[in-house]
Ligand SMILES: C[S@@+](CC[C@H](N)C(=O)[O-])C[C@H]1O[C@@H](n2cnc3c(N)ncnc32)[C@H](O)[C@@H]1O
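Below sits a lone chain in structure tokens, taken as the form predicted on its own.
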Amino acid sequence: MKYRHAHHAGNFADVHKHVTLLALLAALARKDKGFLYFETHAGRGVYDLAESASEAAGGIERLQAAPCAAPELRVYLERVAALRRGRGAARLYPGSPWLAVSALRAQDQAVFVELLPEEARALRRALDAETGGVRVRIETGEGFAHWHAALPPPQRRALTLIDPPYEDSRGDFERVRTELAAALRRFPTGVIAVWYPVKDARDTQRWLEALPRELDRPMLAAELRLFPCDSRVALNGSGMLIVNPPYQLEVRMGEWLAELHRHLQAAPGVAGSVRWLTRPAA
């Protein structure tokens, strides 16, 4: 595996993914009953932006300089600031495991799976002082296999984040589709968030259009696009597929995604979107 997220930490896709994650965690926490939070590709948990300075400049740093109105954006920025205050380091950036643990409650449980042993060890170090009363387990191995083994969870409530490296974009897209179908057969009501890259929007659209034929569940697709679909930059946009989205998520997401789109200075004529692929049954 050549991909290292440290080179991309804090970029616009991370901002999009992490604001979405915190919004989903807050939605599940509206009920007192605990839930399982699961990550299939966890990473190291905390990053130094010195390794991703150019990309972070167009993501977290640009957002920090903007006057944010949406509560979801303010919560996200406060979590980033809390990490930096706690560590006394102004250039740190929290990965999704750190953000999740900061939002979970004593009745919730978190399982993080990371393929690379050295990254898993770094994740353990990153979370050791942060777990509080949250039950956290870090596993090393193939994320999808560990995920299926955990389903259905004893709590009967779960949120899973899937964020593979997409080194082989076409193969990874198909793998995600296959693994989603298998997981939903085991646990049809779980909430699942999948990050996906938007490089050529036509390829992405074909993948999204095919999903409802195999996954008979409510699904939202939210995309933050900063560049035209034919641009030669490495990443033209960031997508989040949400399976079994919590009530009213699309309404709130539409508001903060539009604000995020403005603050991150998308190219003229480029727009983001929130749309249903499959609507909930009436």
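Each residue number is its position in the shown sequence, starting from 1. Just so it is clear, the structure is predicted and the values come from calculations on it, not from any experiment.
Missing here is the form predicted together with the ligand; even so, the following discussion is about that form.
By the criterion of a heavy atom within 4.5 Å, Pro165 is counted among the residues contacting the ligand in the model of the complex. Shown alone here, Ile242 lies farther than 4.5 Å from the ligand in the model of the complex, counting heavy atoms only. Among heavy atoms of Ser96, some come within 4.5 Å of the ligand in the model of the complex.
Contact between His18 and the ligand in the model of the complex is found at the 4.5 Å heavy atom cutoff.
Of the residues Ala82, Ala201, Leu115, Val75, just one reaches the ligand in the model of the complex with a heavy atom at 4.5 Å or closer; this is Leu115. Gly143 is the sole member of Pro153, Gly143, Gly190, Pro197 with a non-hydrogen atom lying within 4.5 angstroms of the ligand in the model of the complex. With the ligand omitted here, the record of contacts in the model of the complex names 88 to 96 of 102 to 110, 128 to 136, 88 to 96, 203 to 211, defined by a heavy atom within 4.5 Å. Residues Glu39, Thr40, His41, Ala42, Gly43, Tyr47 are the ones in 30 to 53 with at least one heavy atom within 4.5 Å of the ligand in the model of the complex, listed in sequence order.
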